[in-house]
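First comes one chain, alone, set out as structure tokens in the form predicted on its own.
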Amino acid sequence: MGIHIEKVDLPGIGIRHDLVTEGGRRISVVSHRDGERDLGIFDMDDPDACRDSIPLNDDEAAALADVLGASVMLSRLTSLSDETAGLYTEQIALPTDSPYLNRTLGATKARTRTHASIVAIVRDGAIIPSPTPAEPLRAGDVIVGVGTREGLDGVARLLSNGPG
């Protein structure tokens, strides 16, 4: 089933975008002309009745978008392995005693050494897609790698032990 988002002009107020979930729930985002926005949750029994409206400031809206975007990106990366035989996607927690902690991603030379690619870093619930070699590796980072089983095992060893 394709996703359908309906746009409704609200004269004097702004624009409302409605999404109906696979389970039949209606969610809306009202973007007011003054820049404010509200997240609307509609009643299950009466899909035209808004059960709750949650005002979101800019930071809250950005945080919600980041959380939703991060989870979607990870699930799409993970499903990639289902479509490509011999290619895997893996999340590797950066060990707390990694020799690369507080060093740049480029210092690992992971792709050259393992033939696996680091395609994202998950940090504090947000995703850093396509990190550059200058991206620092921090405590709590989760590295998202794509490659063969052997290559991803190599990345995990490299992050734990260094180039050995």
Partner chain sequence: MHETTLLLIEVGALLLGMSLLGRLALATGISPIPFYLVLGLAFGNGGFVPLDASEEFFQTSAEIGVILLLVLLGLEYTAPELVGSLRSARSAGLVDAALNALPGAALALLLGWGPVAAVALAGVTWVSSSGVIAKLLRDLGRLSNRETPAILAVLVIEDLAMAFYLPVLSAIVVGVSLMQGAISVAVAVAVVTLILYVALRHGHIVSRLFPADEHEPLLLGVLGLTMLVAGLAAEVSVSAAVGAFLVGIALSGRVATNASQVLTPLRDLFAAIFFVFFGLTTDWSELISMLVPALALAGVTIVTKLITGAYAARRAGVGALGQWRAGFSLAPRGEFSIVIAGLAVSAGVAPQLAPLAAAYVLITIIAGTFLARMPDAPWFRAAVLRRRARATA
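Residue numbers count along the first chain shown, from 1. Keep in mind it's a predicted model, so treat the numbers as computed, not measured.
Beyond the structure shown, there is the form predicted in complex with its partner chain, which is absent from this document and is the topic of what follows.
The closest heavy atom approach of I5 to its partner chain in the predicted bound form falls outside 4.5 Å. When contacts are judged by a 4.5 Å heavy atom cut-off, G140 does not count as touching its partner chain in the predicted bound form. Although the partner is absent here, R25 sits far enough away that none of its heavy atoms falls within 4.5 Å of its partner chain in the predicted bound form. The shortest heavy atom separation between P95 and its partner chain in the predicted bound form exceeds 4.5 Å. Segments offered: 57-65, 38-46, 121-129, 97-105. Contacting its partner chain in the predicted bound form at heavy atom distances within 4.5 Å is 38-46. Although its partner chain is not shown here, in the predicted bound form the stretch 122-152 places no heavy atom of any residue within 4.5 Å of it.
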